[in-house]
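What follows is one chain in structure tokens, specifically the form predicted on its own.
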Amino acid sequence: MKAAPNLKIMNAKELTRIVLAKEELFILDVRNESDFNDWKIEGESVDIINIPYFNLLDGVDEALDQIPDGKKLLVVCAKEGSSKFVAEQIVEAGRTNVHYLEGGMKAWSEHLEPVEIGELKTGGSLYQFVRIGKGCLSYMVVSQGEAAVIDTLRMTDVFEQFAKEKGAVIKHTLDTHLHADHISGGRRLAEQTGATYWLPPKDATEVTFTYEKLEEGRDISVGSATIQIQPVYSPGHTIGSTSFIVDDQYLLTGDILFIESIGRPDLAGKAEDWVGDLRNTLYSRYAELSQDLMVLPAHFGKVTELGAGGRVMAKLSDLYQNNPGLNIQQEEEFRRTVTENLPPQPNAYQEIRQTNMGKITPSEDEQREMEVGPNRCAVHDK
């Protein structure tokens, strides 16, 4: 069947622009109900409904009754094919301004949007890479022709291309901890660029490769900028979770502290053991830092955490006022909060941890499948 002449294609970058600009969009998601309930496209001005593809094979009348006429419509499925078929039927039924998502939810999961967080005092800039479809955040420090990438995602070509555009050579890649929700691209990017790969040694007891140890006092220079590995020991999410202070302005917290929640301690099966570490990090170590530091986490859980231009950031003092995870006064209540009634664990998180240790080497398609779904690294990500 030839494509309907008035059918339009929308790619993940254009969809990201619409979500960040808070433009109105109506989405028809034709995946299975369970997949939709687990993970979907969200935005402040996005309306979305779910009608499984198999319900629309004999006609799209059920969908037409629920889709507002004239509003920009995007049809979405897992990979693309089903959404294109349904979108064609909707166009043939006389509707206009109809799009389908190129590459489906898999493309949405992998899109990275770079945004500038701010300039460095010594020259250079700090950039945040927003993986909007999955809620992952990476960072790049650029100064005087050198770059360091923090919590690199597996789409390493994006970081290579961005550094090239900025005229910078990637000298270092760093992981704040051993990730369990997504496959790290840090080691691969280091191999591709000749950079040094850094990992907290307490998280690296089972890894199969060589790395440089992220330890207090081993500050990393990037051009004229300094990444302070301090406080190095901010455990709780993992035993080796490490924070960085960049340029005395920015606190990169990994998965310890988010904008609207705190890190969960159960992904390595150690919730009861690590809950005390988590509380000490959040209520003591971070409390002793400058409250003017801008917190930059490795994840966000809700679109409400996206600020101007898509940036995910907040002043540390504001988080101590507004973040529910930082305002649980009783230790026993804190223990219950971070060990009971947690959201489901991330998809394939055990296999992802094994991959990040170098113990298994899944194919690109297998890695993509392992990462499908939300990150769920936070206590409050219901």
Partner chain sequence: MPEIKTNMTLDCKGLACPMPIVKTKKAIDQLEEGQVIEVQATDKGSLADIQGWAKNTGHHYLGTVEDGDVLRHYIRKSRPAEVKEEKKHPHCVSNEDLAKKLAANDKITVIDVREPAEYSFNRIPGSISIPLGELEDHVHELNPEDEIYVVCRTGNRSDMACRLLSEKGFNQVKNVEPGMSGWTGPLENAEK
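Positions refer to the first chain, counted from 1. Just so you know, these numbers come straight off a predicted model, no measurement behind them.
Omitted from view is the form predicted in complex with its partner chain, to which the following refers.
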- Query: Which among 313 to 321, 27 to 35, 334 to 342, 352 to 360 is in contact with its partner chain in the model of the complex, heavy atoms within 4.5 angstroms?
  - Reply: 27 to 35
- Item | Residue (of Lys79, Lys213, Lys164, Lys72) lying close to its partner chain in the model of the complex, criterion heavy atoms within 4.5 Å | Lys79
- Query: So, in the model of the complex, is Ser45 in contact with its partner chain at a 4.5 angstroms heavy atom limit?
  - Reply: no
- Item | Interface membership of Asp58, its partner chain in the model of the complex, 4.5 Å heavy atom rule | yes
- Task: Using the partner position in the model of the complex, report whether Tyr127 sits within 4.5 Å of its partner chain, counting heavy atoms only.
- Result: no
- Message: Whether Phe85 contacts its partner chain in the model of the complex should be assessed with a 4.5 Å heavy atom distance threshold; does it?
- Response: yes
- Within 123 to 150, the residues that have a heavy atom no more than 4.5 Å from its partner chain in the model of the complex: none
